[in-house]
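This document starts with one chain, in the form predicted on its own, laid out as structure tokens.
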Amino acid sequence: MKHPREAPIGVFDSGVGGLTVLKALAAQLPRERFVYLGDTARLPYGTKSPETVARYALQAAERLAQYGVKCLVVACNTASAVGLAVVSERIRDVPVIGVIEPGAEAACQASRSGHIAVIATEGTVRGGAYQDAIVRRRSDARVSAVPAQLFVALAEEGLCAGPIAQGIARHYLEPLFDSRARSSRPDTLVLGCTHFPMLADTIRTVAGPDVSIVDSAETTARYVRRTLEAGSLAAESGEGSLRLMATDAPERFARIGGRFLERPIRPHEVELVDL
């Protein structure tokens, strides 16, 4: 029987956005084996009802559990917001980690003033998960949450810098970070969608150098590493590996996902699966 250290880590998202989390995980845990599932047939999750998202998340989690994973990462903000509890209830024998709680924790630690901004998809902002998680940790916090849906399209089109990206970033961020009202500006900004780290440089330029940027992909990866180390589950040897699966359009997943993973993905590397 294999030691649990040798088991893979399961990661799922509604599409390619969770590959930013996967990239951060691989950087933190280069010896690990990863199994990634993108539910591309049913994206986006952000426009679906909470009940539907929870059902989709559970189906993805159960599929990954079939690979004997030692940890399950819900690399989707919407699924983390509404499906984490359901998945944790069903998948009880391994750690189940979402992206919202680590991001909220990091934001509370980074903020000096307690005024924290969150940019995310409409569904994540509307659900209030980041707002609740931040205030639960820091009762004096003031949270300004703004939907920034166009950032998703920019990331998938590869338009992460330049005049188009900067114009849209100014549209979303300038009302939050108006230099004329410096005393009331947020001092911390949470990238509350897994697509948004792709635009981090542009977002940082518009928000300003004095704003702390919290990348939920990076914070989640560090949390996963600490969890595995605390449970003596981290791999101690090996070169690491990656298995990619999608529920639809593996060619498109490969083309767009390569930008997120920052390495080419060939279509034959993406296994088509049905949930």
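One-based numbering along the sequence shown. Keep in mind that this is a model prediction, so the values were computed, not measured.
Absent from the display: the form predicted in complex with D-glutamic acid (DGL). The rest refers to it.
Heavy atoms within 4.5 Å of D-glutamic acid (DGL) in the predicted complex are found in one stretch of 109 to 117, 75 to 83, 135 to 143, 162 to 170, which is 75 to 83. Only one of 193, 189, 129, 104 comes within 4.5 Å of D-glutamic acid (DGL) in the predicted complex through a heavy atom, and that residue is 193. Interface residue among 44, 68, 208, 50, judged by heavy atoms within 4.5 Å of D-glutamic acid (DGL) in the predicted complex: 44.
Proximity of residue 87 to D-glutamic acid (DGL) in the predicted complex: non-hydrogen atoms within 4.5 Å are absent; the residue sits far from the partner.
Although the partner is absent from this view, residue 94 stays clear of D-glutamic acid (DGL) in the predicted complex, with no non-hydrogen atom inside 4.5 angstroms. Though the partner is left out of this view, residue 152 does reach within 4.5 Å of D-glutamic acid (DGL) in the predicted complex, counting heavy atoms only.
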